[in-house]
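In structure tokens, one chain follows: the form predicted alone.
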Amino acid sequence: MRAQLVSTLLRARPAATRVAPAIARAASSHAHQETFESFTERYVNFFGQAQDLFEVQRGLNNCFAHDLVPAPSVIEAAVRAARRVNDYATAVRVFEGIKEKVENKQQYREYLDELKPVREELGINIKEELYQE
């Protein structure tokens, strides 16, 4: 009898209903558009201050999520940050990310040519040099 009473009470309990919030945020037509120059400066500064691998990888993830190819100065700062935190693999993967972001092989080659002194200074090989097919 007692089990039946508990069962009846549980069924009779009103179900919680979900209520939409009363205040909605108004959409703004004045969205901030960041210029390429400010984007570049922001990420060069970010990578210059990154002190651990998590920060470097988070910065790379955020940087490459944008619909643009980062400037060579950003790539240089990212590679230097990866080597500063002693992560060679991330430094190599930065160049893999560039290869995926550019529109064609010529642009990728131009990035490699421009960043060749940095790669040589830091001892970074690209994937194609490490794993020749």
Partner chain sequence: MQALRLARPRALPRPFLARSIAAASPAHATAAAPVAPHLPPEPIIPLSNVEAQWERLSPDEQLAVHQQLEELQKKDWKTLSIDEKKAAYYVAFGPHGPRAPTHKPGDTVKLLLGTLAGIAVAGGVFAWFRSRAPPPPRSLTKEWEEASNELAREQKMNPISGISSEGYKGKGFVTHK
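Not measured: the values here are computed from a predicted model. Residue numbers count along the first chain shown, from 1.
The same protein also has a form predicted in complex with its partner chain, omitted here; what follows describes it.
- No residue in the set R58, C63 and D67 has a non-hydrogen atom no more than 4.5 Å from its partner chain in the predicted bound form.
- Residue contact with its partner chain in the predicted bound form: V44 places no heavy atom within 4.5 Å of it.
- In the predicted bound form, its partner chain lies farther than 4.5 Å from every heavy atom of A71.
- With a 4.5 Å cutoff on heavy atoms, V92 counts as touching its partner chain in the predicted bound form.
- Residue contact check for Y88: one or more of its heavy atoms lie within 4.5 Å of its partner chain in the predicted bound form.
- Of all the residues from 94 to 122, those having a non-hydrogen atom no more than 4.5 Å from its partner chain in the predicted bound form are E96, E120, E121, L122.
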